[in-house]
Ligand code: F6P
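The chain below stands alone, shown as C-alpha cells; this is the form predicted on its own.
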C-alpha cells in the first residue's frame, strides 16, 4: 500500500464540482492513511497574480499573455505533484479544468512515472449551475463587482473554456462522472490503478456529515387537520421557529434548504437571522405531496365526501396516488433529486439543514434509512423535534432530538 502512487487529474468546465470531488477524495483517502495532496490551479493563480485574473479576457484562448500565465501555473502544479510523489506522497490530485487535449497530453507526457486517473465532472443542471456560479462569485477576486456583473463575467469565462473543451476519450484510465447524481457515465480502466475500488466508491456515494432534518412549525391547517395548501404558521408555529433558531445559533449553518411553500420559509427565517452567514435556498423538489382533488380538505372530509379515495389510500398508502395529484411512490424521484441538489450545493459545509414537510421528510429519511416502502408513510415526523443524520462510508447516525422542552 505504501509503495503505491497515483496521479488523479480532474477535468471539466468551471462550476461542475471538480474541487468538491477532489476534496472528498482527499478527505476519504486520508482516513485510510493514504497521503494525499491537492494541487489547485485556481488557488495558485490567485496567489501569484492577485485579483486581476477575474477579467474574462484572461481566459480567452486567443489571449497569448493569459495562455502563457495559465500554462506557467499549470507547470508549477504539475512539477509540484511530481515532486510530491517523488517523496512520501501517495496520491497527487491536479485540480484544474484540464479541458483541452493539449493540456492533458502534456500531463500524460510529464507525469509518466506513476499511473494517472482522469476524472471528468459533467453537470448541466441549470438550477445547480446557477447556484454554483453564485457560490463562485462570492470569492474575493469578485469583490469589486456587483453580483450581476460578476455572474456575467464568470459565464463568459465558461464560454471561453467551452471553445477548447474536449471530452475524455483516448486517455488510458478515465471516469466520466455526473457530479450531481454521483453517477458514472463512462469508464475506461486499462492499467492497474492503485486505490481504485475505494476511489470509485467515494465518488458514487452520497455522504452527509451533519444533516438536520426539520419539519415546519405548526400551521393553521394543522389545527384543522387539513392537508396540502399553503397555510402560514400559527403563533405556536412562530414560537417553534424561534426556539429552533436559539437551539442552532451556536452551530454554523451556511445553507437552509426549504420547499417553495411559505410555512417552511417562515420556519427557516428566524434560524437564518441568528446565523452570521446563511442562505435560504427554496427547492421545488421539497414541496409537500400534491393531494390533487383532496387538496386543502381535512381527513374527515375526505372520509365523508370521497369514501373510495379514503378507503383505497388506506389500503396502500405508499403506492396510492391522489386523483390529479401525487403519492409517496411518485414523489421519490423529485425528493431524491432535492437531496442530491442540497448535498451538492452545501458540499463545502459541515452542516446542512432541510426544513420540510411531513411526507417529504419521511421520504428524505427513507433515502438514508432504506425503510420498507409500506412503512415509509408511518415514519414519525414531529414538530417539536428534529432528526440529526450522519451518513458516510464510515458512520451512520439517525437521532431524533428535542429542541424545546
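Residue numbers count along the first chain shown, from 1. Treat the numbers as computed from the prediction; the structure is a model and nothing was measured.
From this point on, the text means the form predicted together with the ligand, which you will not see here.
Asker: Residues in which of 247-255, 163-171, 199-207, 219-227 have heavy atoms within 4.5 Å of the ligand in the model of the complex?
Answerer: That would be stretch 219-227.
Asker: Evaluate residue 29 for contact with the ligand in the model of the complex, applying a 4.5 angstroms cut-off between non-hydrogen atoms, and reply yes or no.
Answerer: Although the ligand is absent here, residue 29 would stay clear of it in the model of the complex, with no heavy atoms inside 4.5 Å.
Asker: Would residue 154 count as a contact of the ligand in the model of the complex, using a 4.5 angstroms cut-off between non-hydrogen atoms?
Answerer: Residue 154: no, not in contact with the ligand in the model of the complex.
Asker: Can you check whether residue 338 is within 4.5 Å of the ligand in the model of the complex, heavy atom basis?
Answerer: Residue 338 lies outside the contact set for the ligand.
Asker: Answer yes if any heavy atom of residue 117 is within 4.5 Å of a heavy atom of the ligand in the model of the complex; otherwise answer no.
Answerer: Outside the cut-off, so no.
Asker: Identify which of 366, 347, 40, 358 has a heavy atom within 4.5 Å of the ligand in the model of the complex; exactly one of them does.
Answerer: By the 4.5 Å criterion, the partner-contacting residue is 358.
Asker: Select from 76-94 the residues with a non-hydrogen atom within 4.5 Å of the ligand in the model of the complex and write them out in sequence order.
Answerer: Stretch hits: zero.
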